[in-house]
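In the structure tokens that follow, the same protein chain appears in two forms, which are kept apart as structure 1 and structure 2.
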Structure 1
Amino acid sequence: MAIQESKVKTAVDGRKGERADHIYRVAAEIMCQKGYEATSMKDIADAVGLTKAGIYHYIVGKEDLLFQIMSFAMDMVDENVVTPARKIADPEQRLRVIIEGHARRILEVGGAVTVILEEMAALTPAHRKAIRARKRRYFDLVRETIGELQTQGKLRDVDPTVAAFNLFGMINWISRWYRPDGKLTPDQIMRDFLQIALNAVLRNA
């Protein structure tokens, strides 16, 4: 199914199929470890078993590769966090779903989801503007959710914007300290994490 899907995508949106997807995924992993600027095309070529020139058959250039990776990460967040969350009417329950969904993307995906947090400065102005707009829509959802909680009297006596930033800080910082081979499992972390994050902003929780 993935194969046929990619053939459709080739015709539809100019992608080059699953080999290209493989390059994106490997590149995301390397850029996540070494940083975008410190990652050379040769690093990526070696990791996928092609020459430097060879991978240019699949990509437009280094910066565009980064943009594709970030777009993919945003697709994933939209699909797995934002869209499900928008279907939930109760703001407290919606916030819970957002926090857990977002944190689990970082714990279980890594790569692309981390790159989008760290490498905005490497994008061209047009690409940066596009990614920023998508991030902004997500941020607004969270801030509005916190705003609804304030209306219900469930928020602490704080600025909803500051509360939203702190929530993102806790969640996104996970990518800096979580190690898949460490003592703490994703499930253990999520249990404590949700308690801490919800109490940070909610009166009772």
Structure 2
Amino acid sequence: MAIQESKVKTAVDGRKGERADHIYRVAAEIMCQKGYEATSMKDIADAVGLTKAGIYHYIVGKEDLLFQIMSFAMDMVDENVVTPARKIADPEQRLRVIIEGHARRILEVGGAVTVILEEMAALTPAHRKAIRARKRRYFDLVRETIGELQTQGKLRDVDPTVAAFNLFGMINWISRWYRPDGKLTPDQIMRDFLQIALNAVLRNA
């Protein structure tokens, strides 16, 4: 009996998690269009088909929602980019996996969640510190990877910190111009983007 109850609870928690992820994505899209301050909880509730009271079953408030969206974004980065990359010993292949993994998530999931990461000022000090620490760990991974490439003589004559910041700028800017209904497919974009990004920092990409 206990095992069956556990399976039911896991299924319910899974559905709640999927619904929460959907709320984060939709809320991020609205905040991108209207801005954080102009977005109301009613706007988000209407967009996801919940009452204003119902949405509080998933989130505490608007600032908490913003923090959850950012945490959701960093969770995706950790799962799809950081974890696979840390398993790769060769720094050139690791950098390739990082660039492709991050860029592809933006192309597949949508850029709104990435754009919302710029709303750091709206967070409480504690939430801001938590998100900043996660972003810093990711940045350090990329900079250290580029530093290894410099040691191997594969890096162009550039500073690893400058190179890391510029790679992040290139990747995050995809969210500003990519349109799912545009002429270019994600695979076409990834082919060219990866070539441009790697050639920007490597001597012989």
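Along the sequence of structure 1, residues get numbers from 1 upward. Just so we're clear, the structure is a prediction, and the values are computed from it rather than from any experiment. C-alpha atoms forming the largest set that superposes within 1.5 Å between two forms make up the rigid core.
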query: Index of the chain form predicted together with the DNA, chosen from the pair; finding: 1
query: Rigid core superposition, Y58 Cα moves 2 angstroms or more between structure 1 and structure 2; finding: yes
query: Large Cα move at A164 between structure 1 and structure 2, threshold 2 Å, rigid core; finding: no
query: Is_shifted P180 between structure 1 and structure 2 (CA, 2 Å cut-off, rigid core); finding: no
query: Backbone CA shift between structure 1 and structure 2, H22, after core fitting (angstrom); finding: 4.1
